[in-house]
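Single chain ahead, by itself, as structure tokens, in the form predicted alone.
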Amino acid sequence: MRFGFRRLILLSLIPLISFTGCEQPQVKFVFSQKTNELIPEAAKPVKEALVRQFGNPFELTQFEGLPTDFGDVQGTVKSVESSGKDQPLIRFQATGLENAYDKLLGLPLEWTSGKGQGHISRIKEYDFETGTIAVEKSPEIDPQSGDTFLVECVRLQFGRDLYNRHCMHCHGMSGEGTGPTSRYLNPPPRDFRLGIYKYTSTKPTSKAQEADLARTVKEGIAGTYMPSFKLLTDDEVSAIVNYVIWLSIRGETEKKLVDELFLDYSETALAERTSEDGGETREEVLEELKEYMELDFPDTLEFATSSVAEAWEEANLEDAIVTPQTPRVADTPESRERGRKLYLSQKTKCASCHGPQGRGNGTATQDFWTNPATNEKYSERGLHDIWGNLLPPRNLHRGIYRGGRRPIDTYRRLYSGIKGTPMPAFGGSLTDEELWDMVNYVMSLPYDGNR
């Protein structure tokens, strides 16, 4: 093989570049753009609260009240290694962790008996083979044989490690949808931080069930870059889903906190309030913010997290799932024809997006729509999802069903719509029989290429 001189120079520079100039990107949970647009005095307590409640990717934190399987494991000190006064760590052997996940580095350890009872240490070292743990030395911690402790977030950490291995590259460290691969993907990976998932079995206002997310991980999403992870065990998929929901709760909590502050304490709001028309001084605005932080912010934080947690809990209740009240109407030419008429009717207006023949070319694709978040027109013609991505209506003749290809999946898409998109829910306006007629018509289109 021949090398040109220029290529030889480049190859010789690679080790130099690696050692001198290229730092590894910092691994951390990122904050939303809207958080960073707050004035520093408002952004700081929001960021501190999120770190306090959720930790960071390497030091996860347990936040009571969340519908999350943190996976605490009970351990007992077997023996303590002697250490010099100048040693920063205390090392001890423990029992009880033999069947736990073997990567406990960075997890919180809560002492449940002994001198340190009630205190929390971080695991700085862990040797699974010997059962040796090291934590930072402190006056409050003096472990003795027989002392007990809880290692927190073991299950969550298992899910995090699987997520980082299989999902982070597209969905990002915080689930923000901007992993290193995301720029090459269309449609872009989902931003989990809104807690909205398109393809669910639940009612229009409900969140996804854990089973919905597990099915997406297992089956992938047809017609997108979301692959199938069928080779993962059910336990591994469950751990990933647990971690993804936890990331969503973190993101939703952040959004609720920032939404509460943004109108009054963003950089833009401050400029308006302190302008000649606004008539306030910066000191007055900051004094008002200080009072809010002292009196109201703790309640706002508690309400934000509890309301998000409650919504995720309710999604897993039996009555959250969409269940047809009547069996599927027989798939006959008559049923398909009734479905076709409904599809073309003003009652559903399906044709305005999907086109009169279901090819995804309705008149709505030619309009400039308004972004509900900014109240401004999108720069591109066509429909958009809640994440701001252009969203061409599906060509129903292709037979690609992203939410599943069973009739019940299509029924649920019609009943609940597709969350986060302009696809509306017909559950309150169409009868069960009408929904099934629509299912029969829509699912017949891939086999009817002449229309």
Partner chain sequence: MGKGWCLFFLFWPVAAVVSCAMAPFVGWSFPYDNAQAASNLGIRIDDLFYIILIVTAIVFVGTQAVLVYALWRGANNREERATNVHGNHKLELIWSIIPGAILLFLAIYQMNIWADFRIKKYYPEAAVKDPLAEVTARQFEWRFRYPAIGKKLQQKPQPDDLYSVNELHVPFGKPVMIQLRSDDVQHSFFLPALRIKQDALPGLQIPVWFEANKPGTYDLVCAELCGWGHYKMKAHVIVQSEDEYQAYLKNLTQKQFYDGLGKIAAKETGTESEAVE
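Being a predicted model, the structure only gives us computed values, none of them experimental. Residue numbers count along the first chain shown, from 1.
There is also a form predicted together with its partner chain; it is not shown, and the following applies to it.
Asker: Among the candidate stretches 116-124, 373-381, 87-95, 176-184, which one is within 4.5 Å of its partner chain in the model of the complex when only heavy atoms are counted?
Answerer: Result for this chain: 176-184.
Asker: Could you work out which of L295, A271, L317, L231 is the residue within 4.5 angstroms of its partner chain in the model of the complex, going by heavy atoms?
Answerer: When its partner chain is considered in the model of the complex, the option within 4.5 Å is L231.
Asker: Here the chain is shown alone; which of G131, P324, G278, G355 has a heavy atom within 4.5 Å of its partner chain in the model of the complex?
Answerer: Of the listed residues, the single hit is P324.
Asker: Does its partner chain come within 4.5 Å of any heavy atom of R412 in the model of the complex?
Answerer: Taking the distances in the model of the complex, the answer for R412 is yes, it comes within 4.5 Å of its partner chain.
Asker: When the contact criterion is heavy atoms within 4.5 Å, does E219 count as touching its partner chain in the model of the complex?
Answerer: Yes.
Asker: Is P407 close enough to its partner chain in the model of the complex to count, meaning some heavy atom within 4.5 Å?
Answerer: Result yes; P407 sits at the interface with its partner chain in the model of the complex.
Asker: Just to confirm, R165 within 4.5 Å of its partner chain in the model of the complex by heavy atoms?
Answerer: Yes, R165 sits close enough to its partner chain in the model of the complex that at least one of its heavy atoms falls within 4.5 Å.
Asker: Do heavy atoms from each of K255, R394 and P422 fall within 4.5 Å of its partner chain in the model of the complex?
Answerer: Checking in the model of the complex: none of K255, R394 and P422 is within 4.5 Å of its partner chain.
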